[in-house]
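Before any questions on how it binds or moves, here is one chain, the form predicted alone, in structure tokens.
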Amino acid sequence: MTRSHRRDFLRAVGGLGTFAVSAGLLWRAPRASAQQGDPILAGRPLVRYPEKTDLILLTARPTQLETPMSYFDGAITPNEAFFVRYHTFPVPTSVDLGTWRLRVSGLVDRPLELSLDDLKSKFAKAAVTAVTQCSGNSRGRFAPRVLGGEWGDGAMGNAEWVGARLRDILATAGVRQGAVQATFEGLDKPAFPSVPHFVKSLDIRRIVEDPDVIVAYQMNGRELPMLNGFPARLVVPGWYATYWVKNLSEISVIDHVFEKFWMKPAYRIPDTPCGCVEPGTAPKSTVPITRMTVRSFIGAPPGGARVVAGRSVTLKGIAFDGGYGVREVQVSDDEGVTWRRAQLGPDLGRYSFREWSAVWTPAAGEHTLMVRALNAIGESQGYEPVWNPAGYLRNIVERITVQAG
């Protein structure tokens, strides 16, 4: 797609009718959801936005779209099926690459204004396959319920990201002595001055020591979809998606710890070993959420499916963690009384989804299938979910029910 075609394509969405105006980007009218087996998602419409397939609508302002679980039976999430999560409205719908620049300023010797061509030609190309997951993924399953977007389990995705290392960009700018953090802001600007701009921060030390933190301009071999960050986005492998700033436009190096709204009070967890407190209570102190917990899911068959008794069924799904890497996946068909090891798919890197599969032959009747993963340092999933007021860090042993007959 050429630069002008991208602008024309997205501008054309403006005349698609009442719901298109409401959603800002909607390409096709909503239709009934296919997620009837999940009480959290039942009744939510499937919608199609530009460059996207049918996704589950959580909110239109700002745009929040969830990936159906059927896409999580393989390691790579297709670009068109990748979830979308913005924090402010309106969201950016077009970018003129002739004028767009990534600006690097603050405590640097040489402020930069980098075009997309600059990112591609002036810096060594880096690639990392990594999961990005909304901090609130599965929040809809918290009990007692908490405030925030009531996501099911599909606010996550895995892709191969290609771009320029952030540390190389900052080295070109020349970070000055006394620098503590860098802040990141995208093109999504709130409509009202009372709404804080979405700005995140990372420690300079984290950036310098981690070559996998990149400014990505490619996703699964193609340019980024607009709703996933075109023309460039921050990639922070192993950490929750709140740090993965989309439609990146500004980087500022600062001499202090940044604590404006989206770093404090937002996106905080209890300062306890589990990041949790007793349900219904408030934490005494909090820290920013960072590394993802161990998780695993069954992608196929779907929950509520009917299978043939006595005939083998291939169970498939994915597992991941915050960067240590998945060591083992186990499945159970008897409420966790016994477990057997699943077969792991190719290792695409320690930040990636790891495919798993297992052949299962069901007897007639209803069956509860469960999955759990262990990472390289022995972390796994528990039977009881953690709880915190923000609805973060869920990593319970997941289960689905199927009927064999």
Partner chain sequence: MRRTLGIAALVLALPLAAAAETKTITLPPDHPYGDLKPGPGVEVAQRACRSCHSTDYIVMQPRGDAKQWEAVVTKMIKVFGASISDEDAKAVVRYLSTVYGR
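Residue numbers count along the first chain shown, from 1. Predicted model, so just to flag it, every value in this text is computed and none were measured.
The form predicted together with the partner chain exists for this protein as well; it is not shown, and the discussion that follows is about that form.
For the options Asp168, Glu80, Glu328, Glu223, the residue carrying a heavy atom within 4.5 angstroms of the partner chain in the model of the complex is Glu223. Just one of Gly74, Pro283, Gly149, Gly174 comes within 4.5 Å of the partner chain in the model of the complex, counting any heavy atom, and that one is Gly149. With the partner omitted here, the stretch from 235 to 243, 213 to 221, 90 to 98, 128 to 136 that lies within 4.5 Å of the partner chain by heavy atoms in the model of the complex is 90 to 98. The partner chain is not shown here, but in the model of the complex it comes within 4.5 Å of a heavy atom of Pro62.
Looking at Pro279, you'd find every heavy atom of it more than 4.5 angstroms from the partner chain in the model of the complex. Not displayed here, the partner chain is approached by Gly43 to within 4.5 Å at the level of heavy atoms in the model of the complex.
In the model of the complex, the partner chain sits within 4.5 Å of a heavy atom of Leu227. Every residue in the set Pro50, Leu58 and Arg145 has a non-hydrogen atom no more than 4.5 Å from the partner chain in the model of the complex. Contacts to the partner chain in the model of the complex (heavy atom within 4.5 Å) from stretch 167 to 196: Phe192, Ser194, Val195, Pro196.
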